[in-house]
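Form predicted on its own, single chain, as structure tokens, below.
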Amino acid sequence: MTNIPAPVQIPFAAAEAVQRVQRTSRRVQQPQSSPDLVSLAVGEPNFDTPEQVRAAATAALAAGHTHYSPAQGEPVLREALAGRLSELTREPVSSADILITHGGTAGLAAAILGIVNPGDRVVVPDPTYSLYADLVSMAGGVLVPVPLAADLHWDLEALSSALDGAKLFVFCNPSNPTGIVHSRAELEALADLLAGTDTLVLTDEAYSDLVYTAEPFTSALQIEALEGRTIYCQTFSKSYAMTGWRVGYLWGPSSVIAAAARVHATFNGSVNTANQLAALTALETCGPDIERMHEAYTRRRALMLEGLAGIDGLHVGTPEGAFYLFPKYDASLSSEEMVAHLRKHGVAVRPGGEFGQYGEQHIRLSYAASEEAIVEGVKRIAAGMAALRATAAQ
């Protein structure tokens, strides 16, 4: 009988870039959900993608749009986006400076990895969307988290100190996880802090159509004093309920977009052509669908706020945008422990600590779920908080 040699065991260690992310990442992989668990954890619309968008993808495939797209994206989509962005900037936007990306996440990755060198300081609010920190770690940059003020808006004094010498400031508006909307006044204050510096700004405005304030939403692109330093990241995922389609885009200074395009071409390649043509249909036809979903989120937001208001030990601010609440709790548990406790009571939420060290003692709830899930989920949160109070009283 022939002896088969044992396979060679080659020692392996992940690349240092991967190890940096593993050492520092706060991103949490939730356990597998069971059918009896109500999830208020997922930042994803529960709506189906509008019918005409799905039909456009089907028609594109039937017409043979199954080949590689240009690396920077389909010209017809980029031209349409240039027109839309020109309405914000009030200046002509060149489609040559628009990069179509594999969702907003690939856009953020392309921008940050295209900008940040090892040792560069990158300032982020804390808490904020956790992907930013992982991308800075992968690039070898130095993350500088700046705690928010008590009302979860920027602490401008702390931000001023942190921005000194920074290569980049990254923020989302409306904010994930806090639901805060940064006003025109805040954005103008940011511009004042950056005046005379070379600091770039990356604004992630994925939730810009989901705002509930009396004051209209102000994009960073509408702040004249931020011109020339702002990179705009957007996605079709949230406004159009197109999370699975993976279509996003970047716009900004030509040199920055060229660098991001090189990263995106290396990591991702071009975006599926049919999906881009479906995104074009969304851009051109889905205004009424956005309004319909916004009305539903407004009702769900009120429903969740009303339910949470009566829970002892939970302190809830009024969310201004996106579809998140970020309540603070009194219990002496870490946010991960609180999440585990609430799972035992049949409801999934996300730990505030996932979004930064200053997110501890908070949980993030999503009202992108159905009204039935919100009512039942809040009921289970109430039961979980009551159980903690009963244990503490013993």
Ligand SMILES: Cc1ncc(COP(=O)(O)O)c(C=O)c1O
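Sequential numbering from 1, following the sequence displayed. Quick caveat, the model's predicted, so the values are computed rather than measured.
The discussion below concerns the form predicted together with this ligand, not included here.
- Annotated contact segment (heavy atom within 4.5 Å of this ligand in the model of the complex): 124-132, selected among 124-132, 295-303, 71-79, 312-320.
- Annotated contacts: 307, 367 and 373 are all free of this ligand in the model of the complex [non-hydrogen atom within 4.5 angstroms].
- In the model of the complex, this ligand stays beyond 4.5 Å of every heavy atom belonging to residue 210.
- Contact check for residue 275: no non-hydrogen atom falls within 4.5 Å of this ligand in the model of the complex.
- At a distance threshold of 4.5 angstroms between non-hydrogen atoms, residue 103 is in contact with this ligand in the model of the complex.
- Looking at residue 237, you'd find a heavy atom of it within 4.5 angstroms of this ligand in the model of the complex.
- Residue 246 is the only one of 229, 182, 246, 167 with a heavy atom lying within 4.5 Å of this ligand in the model of the complex.
- Only one of 187, 99, 108, 282 comes within 4.5 Å of this ligand in the model of the complex through a heavy atom, and that residue is 108.
- Within 4.5 angstroms of this ligand in the model of the complex, the stretch 168-207 places a non-hydrogen atom from each of 172, 176, 204, 206, 207, taken in sequence order.
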